[in-house]
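Just the one chain here, the form predicted alone, laid out as structure tokens.
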Amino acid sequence: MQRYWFGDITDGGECIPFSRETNELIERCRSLEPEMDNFVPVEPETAVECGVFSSREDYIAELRKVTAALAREKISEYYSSGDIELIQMVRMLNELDHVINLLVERGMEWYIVKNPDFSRKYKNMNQKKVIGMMRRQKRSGLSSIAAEIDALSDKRTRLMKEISGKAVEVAPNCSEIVGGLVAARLISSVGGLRELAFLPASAIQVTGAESALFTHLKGGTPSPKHGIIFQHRRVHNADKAVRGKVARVVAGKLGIAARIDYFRGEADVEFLKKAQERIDAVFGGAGGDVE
């Protein structure tokens, strides 16, 4: 027997029509799992002869309605997963960083024109201090623009906190190991929590260091030992001699944490305790207590 979205056709050619109700047709489409090896495509005329539809146009109109409803449902399901919103939030944060840095650089070039005796070492100065200097340029458009940059920086800070909070909801175990912001950046970089969960630890370790990795592969330069996870305090604070080892252990624990987050979606206290102890032990190697 062949099963179609509008009804069944027996081996003897008898047609058993299904309901004409759109919601019931949608539900039937969800339940159908035809074996494609034996599937026989059907013509609209067959459905018309079956008595389900009055004409070919009626068949196509109903089919369009059902498939559009199923597509809307799938899209809604896709966007309802928290990591999709998290990815967009991280991308917005990256864009804000880019815009703020560009505006500060342009603003300082303007500031130097108005103050030629100013040292060009502003790139080593705290960004907040640089913006403050520009804001003190009274009776100048520069002061007004600096105020806007300052406001944008405040919005960037609020977004960063929001991302950390969202990451704790989406990936509680990853966030506990490396912090919400680093976890969010990792998820954004690989395209989602599912993608992160299926990555090997070695790939997680160098995620974000793609340029250095390809330079290593093409030019034989030293291989990168860390990517985004370098932003985690226990990696960038580690002694250089053990930093690669710390990054490797953190990446290994992150791989397990991502799988727990993806498949279970809740914090595993016992795992987190053991993971933190292991990372702390390797990090302690900087002081001579290498495990």
Partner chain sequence: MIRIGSVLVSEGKGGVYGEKMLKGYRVWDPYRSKFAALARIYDGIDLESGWDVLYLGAANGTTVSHFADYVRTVYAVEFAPRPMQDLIEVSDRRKNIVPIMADATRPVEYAAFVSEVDMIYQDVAQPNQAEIAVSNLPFLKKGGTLVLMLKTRSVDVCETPESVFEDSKTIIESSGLEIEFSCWLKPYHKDHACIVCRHV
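Residue numbers count along the first chain shown, from 1. Since this is a predicted model, take the numbers as computed values, not measurements. For clarity, a rigid core is taken as the largest C-alpha set superposing within 1.5 Å between two forms.
Not on display, but discussed next: the form predicted together with the partner chain.
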(request) With heavy atoms only and a cut-off of 4.5 Å, decide whether residue 214 touches the partner chain in the predicted complex. (result) no
(message) Whether residue 44 contacts the partner chain in the predicted complex should be assessed with a 4.5 Å heavy atom distance threshold; does it?
(response) yes
(request) Report yes if any heavy atom of residue 242 sits within 4.5 Å of a heavy atom of the partner chain in the predicted complex; otherwise report no. (result) no
(request) Could you confirm whether residue 198 comes within 4.5 Å of the partner chain in the predicted complex, counting heavy atoms only? (result) no
(request) Can you check 165 to 173, 137 to 145, 70 to 78, 89 to 97 and let me know which stretch has heavy atoms within 4.5 Å of the partner chain in the predicted complex? (result) 70 to 78
(request) Give a yes or no on whether every one of 230, 248 and 277 sits within 4.5 angstroms of the partner chain in the predicted complex by heavy atom. (result) no
(message) Going through 1 to 22, which residues have a heavy atom within 4.5 Å of the partner chain in the predicted complex? Please give them in sequence order.
(response) 3, 4, 5
(request) Could you tell me whether the Cα atom of residue 266 shifts by at least 2 Å between this form and the one not shown after core superposition? (result) no
